[in-house]
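Take a look at this one chain, the form predicted on its own, written out in structure tokens.
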Amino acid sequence: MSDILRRGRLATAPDEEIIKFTSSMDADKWIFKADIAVDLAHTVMLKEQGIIENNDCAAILEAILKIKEEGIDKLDHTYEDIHISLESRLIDLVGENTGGRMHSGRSRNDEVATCIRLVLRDELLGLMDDLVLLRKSLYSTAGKNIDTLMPGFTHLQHAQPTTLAHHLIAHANAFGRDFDRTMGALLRVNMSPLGAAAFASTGFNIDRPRTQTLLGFDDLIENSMDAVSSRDFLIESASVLANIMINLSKMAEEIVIWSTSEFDFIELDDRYTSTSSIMPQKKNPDTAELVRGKSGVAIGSLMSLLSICKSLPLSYNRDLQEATPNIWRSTETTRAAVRIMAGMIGTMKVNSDIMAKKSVAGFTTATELADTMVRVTGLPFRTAHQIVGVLACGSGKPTPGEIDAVAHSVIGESLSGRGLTEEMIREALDPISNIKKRNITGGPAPYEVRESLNKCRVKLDKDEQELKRLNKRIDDSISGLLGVVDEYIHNMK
């Protein structure tokens, strides 16, 4: 059969290089199933609106299902995109007098925009499932390490004692916000552009709300120009993905550092490591390094989308063809990285004794010693800060005599004379005591960490329930579409 798209207006066929340059078939494998769903919904609506006859509707629907069963490999990949290739295959099966009617009332412009939204919707739902898995892994590991001491860091310098649980919950909270951002993006993705046609809608009496319902969309993008040309939903989603990958990269960096001989806080499970081709003793955190490195994919995809969409006049422009490979690349990379991180966290060995020993290295209890001076002696904090700062030049375990000597040089009197006892000093220098005193909301004290974990798990449960509701509603819509298709095929032949 001749090229159903070019045979009217265009007389000269493009050469092989032009075909390769303009084709989107490599990326279109992502939207094959979505295109099938869009064709089914559009055909059902055309029949219900009296735009095509019952027997044509049944024949088209049956052929579309056959194409779905055959798979994308059966299609002619010399066409410039999946839409024309699929329609051409349909015409091969049922003839142009029937198959040629399917495209009535629509354009590839609204068709592809709808397909992209359908696939991205499923990917975002899947990503939220992946984020739930990661948060569960973090909460589980945190729950086992509420009393696991470790040094907290600022500027990658030992700062104050904390616990591994407190540290992991910080990461989990970030991924909780990523879940919320993904949900917000989904709201703007799950809107139907179908029926906008090329950009000016159509003179056919189509029913846009009907296809919206059949495909499980929440709403319509009403303005037909906006519907076919806007890709802000891709930019927003790519931004969410980049943010997730940045959060993952931060964790990956810590895993790489913590697994070094210098830190030795953790040991990764063998599944997430490799060895050297020359140094047989090596156990390299390659998977964490790749998570860190692959953040560049998501960041790059976002930058590409912003560059592609910048300054495009309304309405549709072919530049937009280059947008979708970027979102699929970022989606695939991010979802895999989230699942990989969940596995790494859930299976890593925690060297708690080493963490505890290093929790006081670098005089991490200095802040509590200064705070104790303020509470007991009535000194201004800035003065106590100065005294402890001088003491920090010593061993990190100052004696009462050393404290009094420095205090006398700073304020002209000893602190023991103001009520600071040896027991108070010893308690201030104890990392466990430090942590227990930090029992305000969000602090590392064991009680507060348990409370935080409980709140996090309640939020996680609500997120899971909402995710199940969304998945069920969309699954019900698609099942309803297939039910209507089956009915029309069997009752209208």
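Only a predicted model underlies this, so the values are computations on that prediction, with no experimental measurement involved. A residue's number is simply how far along the shown sequence it sits, counting from 1.
Below, we turn to the form predicted in complex with arginine, even though it does not appear here.
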#### Entry: Partner-contacting position among R329, R108, R339, R101 - heavy atom within 4.5 Å of arginine in the predicted bound form
R108
### Message
By the heavy atom within 4.5 Å rule, which residue out of F265, Y79, Y316, Y139 makes contact with arginine in the predicted bound form?
### Response
Y316
### Query
Among 163 to 171, 81 to 89, 234 to 242, 68 to 76, which stretch has residues whose heavy atoms lie within 4.5 Å of arginine in the predicted bound form?
81 to 89
### Message
Although the partner isn't part of this model, could you tell me whether S304 comes within 4.5 Å of arginine in the predicted bound form, counting any heavy atom of the residue?
### Response
no
### Query
Any of the heavy atoms of A384 lying within 4.5 Å of arginine in the predicted bound form?
no
### Task
Please run the contact check for T273 against arginine in the predicted bound form: heavy atoms, 4.5 angstroms, yes or no?
no
### Query
Though only this chain appears here, would M128 touch arginine in the predicted bound form if you measure heavy atom gaps against 4.5 Å?
no
